[in-house]
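Heads up, the chain below is alone and in the form predicted alone; it's given as structure tokens.
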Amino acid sequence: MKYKGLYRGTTKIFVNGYFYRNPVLIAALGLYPVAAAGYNLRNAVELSLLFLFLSLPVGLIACMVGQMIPYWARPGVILAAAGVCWLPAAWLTERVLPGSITALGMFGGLMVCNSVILSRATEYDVTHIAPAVVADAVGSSVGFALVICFCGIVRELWLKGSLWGVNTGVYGTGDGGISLPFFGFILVGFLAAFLQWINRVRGDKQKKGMRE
């Protein structure tokens, strides 16, 4: 029964991380890489992998030593830990998709201070057990990937009519404004509104079920 409860708990944390409480759409975290760098599918996948490989070790470090660090010092310590963890995370991303880090340029380096990773590490991971931290990190990584990959697909198709650099036969407008951050923020805004609607409908159904 103990393990069944742990499984249900971590599953709920994972689902909340990638969907119902998606950190990008609900908390408006990690918007910059989505809006600025998620203008094609390859960039989106590269950043998603880097996010996963970075958030897991940072979260576990925060879980293990976070309580030993004064609250005021945690942001700086977690940021330093993210800087150290970035090196193996970048290496793993390169192993999966060669040339990724070079192609991402400054966007890859800026993942060290990604607000999703830092906020989860300093606020959530320090007060939860390792299985919950792993479930949250993986769920948040999937949630981040869903948002940035959706935006990357829409923008690449709209701009060039291609996916991963391969022509799809879809007419691309060639409008350079689509690759600008402003357009990315608009896409994220529509996604956030849609998720808020889903959560409101879900909440209404739960309240109705409780009354019945």
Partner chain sequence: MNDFLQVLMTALAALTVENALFSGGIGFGKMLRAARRPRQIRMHSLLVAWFSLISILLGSVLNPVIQENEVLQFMRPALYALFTAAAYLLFAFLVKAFLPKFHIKYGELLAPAAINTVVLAMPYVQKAFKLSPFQAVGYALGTGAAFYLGSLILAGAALHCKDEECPKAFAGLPSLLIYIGILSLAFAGFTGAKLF
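Since this is a predicted model, take the numbers as computed values, not measurements. Numbering follows the first chain given and starts at 1.
What comes next is about the form predicted together with the partner chain, which does not appear here.
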message: If contact means a heavy atom within 4.5 Å, which one of 140 to 148, 182 to 190, 167 to 175, 51 to 59 is the stretch that engages the partner chain in the predicted bound form?
response: 182 to 190
- request: Sort through Leu163, Val45, Leu29, Val154 and report the residue having a heavy atom within 4.5 Å of the partner chain in the predicted bound form.
  value: Leu29
message: Would you classify Pro131 as touching the partner chain in the predicted bound form, given a 4.5 Å non-hydrogen atom cut-off?
response: no
- request: Look up in the predicted bound form whether Gly83 has a non-hydrogen atom within 4.5 angstroms of the partner chain, and give yes or no.
  value: yes
message: I'd like to know if Arg200 sits close to the partner chain in the predicted bound form, meaning any non-hydrogen atom pair within 4.5 angstroms.
response: yes
task: Would you check, heavy atoms only and a 4.5 Å threshold, whether Val96 touches the partner chain in the predicted bound form?
output: no
field: Contacts with the partner chain in the predicted bound form, stretch 86 to 115 (heavy atom within 4.5 Å)
entry: Trp86, Leu87, Ala90, Trp91, Ile101, Met106, Phe107, Gly109, Leu110, Val112, Cys113, Ser115
